[in-house]
Each structure stands twice: as structure tokens, then as C-alpha cells.
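Quick setup: one chain, the form predicted alone, written in C-alpha cells, and binding and motion questions come after.
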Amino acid sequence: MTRPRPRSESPATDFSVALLDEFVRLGVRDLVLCPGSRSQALALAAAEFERLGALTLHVRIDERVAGFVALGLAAESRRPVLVVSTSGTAVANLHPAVLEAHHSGVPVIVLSADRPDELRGIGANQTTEQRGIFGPQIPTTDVPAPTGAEREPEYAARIARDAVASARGAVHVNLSFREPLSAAITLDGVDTEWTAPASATPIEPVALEPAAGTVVVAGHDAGDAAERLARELGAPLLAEVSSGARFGPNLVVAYRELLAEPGFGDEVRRAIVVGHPTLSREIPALLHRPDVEVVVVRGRTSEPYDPGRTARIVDAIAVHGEPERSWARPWVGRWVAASRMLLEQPSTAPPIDASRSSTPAEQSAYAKHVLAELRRPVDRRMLVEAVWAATWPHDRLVLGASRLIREADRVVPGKRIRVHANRGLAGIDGTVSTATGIDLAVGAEREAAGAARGVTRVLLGDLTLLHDQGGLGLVPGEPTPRLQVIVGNDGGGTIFDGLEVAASADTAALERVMLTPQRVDLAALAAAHGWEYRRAATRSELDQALTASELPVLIEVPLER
């Protein structure tokens, strides 16, 4: 039921207040907005709700940044987050974040201000067709301009309820407003008593029995249920780095290599897919095979992952029975053992006995060896392993769409930490902004619980950083994010070096139109936004930078192409 409010001189303001009242009652706690004239009623109402402690307001200059901040807040909190924009190109700039939210199943609700009907289609300023601007896949409600009618607050509340109920990904509410576009308001209170929505119809799980030749594939956002499922089925766990399931005794890190190896991949007869796999070609090749039964567990994404178009799609799985030790232990054991063997590197550490030697020559040799190791230039494997080792359960790790997430997926060991990545469409858009939203959500949760905060680390390539350099902006009067942005800088999009095009295209053309070289001074970029800057070219410099206390910090790591 809507809270009775005294009417103002602006129907736009009254409608905005009623709308936000209901969103808050439904559990929404964060709203991201950019400035604009047509959206002023929503913006000023949001500021009043924040004054009363009912909402946390996040103000950004650029709608592209705002959309991804909202995405990060929602991805971490698992609650719907509102993002407010004015009309015209402002709405279109939200499109990348809206698409990522849709394809990742992250609840982001866009509230876009629009001109009323009489100003549409006549060439009015800042007016375009905003109804359905994000495409048919995004649930959209077009709201006529309020007039001050008696039942409009109930209508606004219903719109909020419908938006939250539909927010299994992105939702668009397009709100027309007439002048007067706002009026002064002072609210006497807000109903923040949130009641969790009633549980949906219980899901009936599909029964599966353990069987030899089964593997569990954990793609992005699979969660720890995938790890448990692998143990219950007696199956190797092929878990991507952002799956949330990259831990446990059945984990197989070197799954790419083993899927191509005789005696491993060719003996797979059933694949259970949880989450959204995006980081290898070997997984979709496996799921295309006619001799492999594929069962896909439906997740939060808009589409189940079924590259072979033959999978059995289920909502949940219940394992009946236990795997027989006679086949389960050798089946899982040889995958795990082979993976560990493939990941082993020749040790570069000096003999430990040399450190305790009383012989000056041996002591000197030991010291030189240690010094040489600390001065060793950072390569991609060293970088991803160092960042992974520095991150703990109270931290967050955000991986950009670059060579580095694939390198991490190839080599980092099992560890139960929270890893985020925009893998719905796997674009380089908005990575820093997403990480900012994630960090703000973590900070609010830890502050409410009286718990200590960790660090949000962002590992990305140079082009991914530059694509979202607006996300580095620090907002006066708002919390400063505890971010470490670690940039593997190889001077351009060298991920294309590993694709077939590199072998067939003209070298000069490939360099210009695919690799897109850049020479941006990242130290100057950091300084322009008020960030600390570190350059880490060696192992010792990287270790020192990752333990630096100055936050936010941009850490540039030069890498060979």
C-alpha cells in the first residue's frame, strides 16, 4: 500500500516520490543517476530519500559509467539497483550496461525521463523514440506524463512492483514528464520495512545418477553448487576462473589441455554444465560432440548455454546414489593429477640449504640468486598468479575481458574467493565502473555488519582500462572506493595475436585496425583523477605494489607483446 503524501505543485515530483517510495519498500537501496533537466524530479526525490537514510545515491557525469556502476552494485548485492537518466542520447549511453545486465541476469532497472506525447515526432529538442530503445528482449514500460490524478500514486507503486518482479536482468521504465518538471519537497519519513517476496513455485530437480565418464563444467557465475555437484557425481570439475566454483578436491585447472588429450577428453560421455562458459574453445567443442550427453542447468542468464543445440535443459539437479569407488577415484584422480603435473614449472628458487650455509661463496651465490629472482621482469603468468595470491575471501577480484582473464583461467590454482567479470557479452566496456559498484556494495555491507573491509582488485589490459577511463573519476562527497586497478600494459589489443587472423592478415593492417596500439601516459591519467600510481616491472616491484596501502591506486605492469 502506498504511503499517503501531500501533493506538491508538480505532478512529476509527486509521481517520482510515489515511485521511489514503492521501490524502497520493495528492498531497493541504491540509485545511480546522471544530471539532466527532464529527470530532475527523480533526481531531487532521490536526494530527499537519501537524506532520510532510505536510499544511497551515486551521482556520475557519464551515463556509460553510471550504468556499469549500477551493474556492479547489483552483481555484488544481488538486489535490484535503479539507474536514472534524462532523455535523448543519455538513455542510449546506458545500452552497453543494459545488454550486459540482460545477458548476465543482473537486476538493473533503468528509469529514463522522456518528453510527453505532444513533443514526440515534431523535432523537439533532446527527443527521440525511447520506447523499446534497448530492443525487444528488455522488458519495457512506457509511462504517460502524470497529470496529478488522484490514483496516480497507486499507479506508480504498481509500476515499481512490476519492474522488481521482472528484474531477472535489465528492465526499462520510460517516464514522460511535463512542466513544471519539479517542485520543492520535504518528506517526513519513508517506509523502509522490506519484506522479502514470497518464494516462487518450488523447483522440481531432475534426478541424475553418478556414472563413469561424467564431467562437470562450471562457467561464469556457476557458484559453489557446481563444486558440490562434481563431488556428488564423482566427476572432474572443469571450473572457469570466474565460476565461483574454482576450488575443491575435484578441480581440474588444465582442462583445455586434457580435453584434447587421449585417455581424458575422448572418454567423456556426459557433461553437466552450470553457469556460462566463455573462456575456451575446448568446452563448446566438447558440447558439440554427438557421443556426449549434455545436461545444462538453467542459471540467471537470459539464455541457457547450449552451443550444440542438443542439450537437456533443467532447472536443478538432485544426485541419487553415490559414485562407485571402483571407477570414481581413478576417473577423478587421473584428471586432477595430470592437471597438477601440467601446471608445474621448473623451480627458480635456490636450494634452501644455501641460505643457512656458513660458506661465504655459497651465501653470496644464494643472495645473487634471490636478487635475480626479485629483479625478474613480470610476464603474464607471474602477474595473474601474484594477483590471485594477494586476494583473499574478504577481498573482491574483478577480471577484465583481455588476455589476462584467459591466462588466469589457464594457471591459477583452486581458491574460494569471490571473482567478478562481465561475461554476459564479454565486452571490454565499463570494467572499472563495474568494479567501483562492486566495491561500494561490499563497503556498505561490511559497514552495516561492523566488519573490516578488504580490497577490490581489478586486473585488466590497457585497452580495457582506456575504454572506461571515465570510471576512474572520484566523486566529491561520496565514499572513495578501495580499488587496486592493475593494468597489464602491452601497448594495444595483443589478444588478436593469438587468433587465426594474425596468420592471414597483412602485418601493417593487423597492427593498425586490430591491435590498435596506444601510448597513453598512465601515470598522468592516474594523477588527473587523483589516484595513486605505481609502476611494477619486476617481481619485487609487483609484490610491493600489491601490498601498498594507498587506495585507490593504479598499478601499471609493462608486458612484452
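Just count from 1 along the sequence shown to find any residue number. Fair warning: this is a prediction, and the values are worked out from it, not measured in the lab.
Below, we refer to the form predicted in complex with a small molecule, which is not included among the displayed structures.
J.: Pick from V241, A160, L463, I272: which has a non-hydrogen atom within 4.5 Å of the small molecule in the predicted bound form?
T.: Selected option: L463.
J.: Note which of R256, R115, H172, R403 lies within 4.5 Å of the small molecule in the predicted bound form, where distance is taken over heavy atoms; exactly one does.
T.: Only one listed residue qualifies here, and that residue is R403.
J.: Tell me, please, which stretch of 41-49, 27-35, 494-502, 528-536 lies within 4.5 angstroms of the small molecule in the predicted bound form when heavy atoms are compared?
T.: Selected stretch: 494-502.
J.: Please tell me whether any heavy atom belonging to I428 falls inside 4.5 Å of a heavy atom of the small molecule, as the geometry stands in the predicted bound form.
T.: I428: contacts the small molecule in the predicted bound form.
J.: Residue-level question: is E407 within 4.5 Å of the small molecule in the predicted bound form, judged on heavy atoms?
T.: Flag for E407 set to no.
J.: Test of understanding: in the predicted bound form, would E76 fall inside 4.5 Å of the small molecule by heavy atoms?
T.: Result no; E76 lies far from the small molecule in the predicted bound form.
J.: Using a 4.5 angstroms cut-off on non-hydrogen atoms, would H467 count as touching the small molecule in the predicted bound form?
T.: Yes - in the predicted bound form, heavy atoms of H467 and the small molecule come within 4.5 Å of each other.
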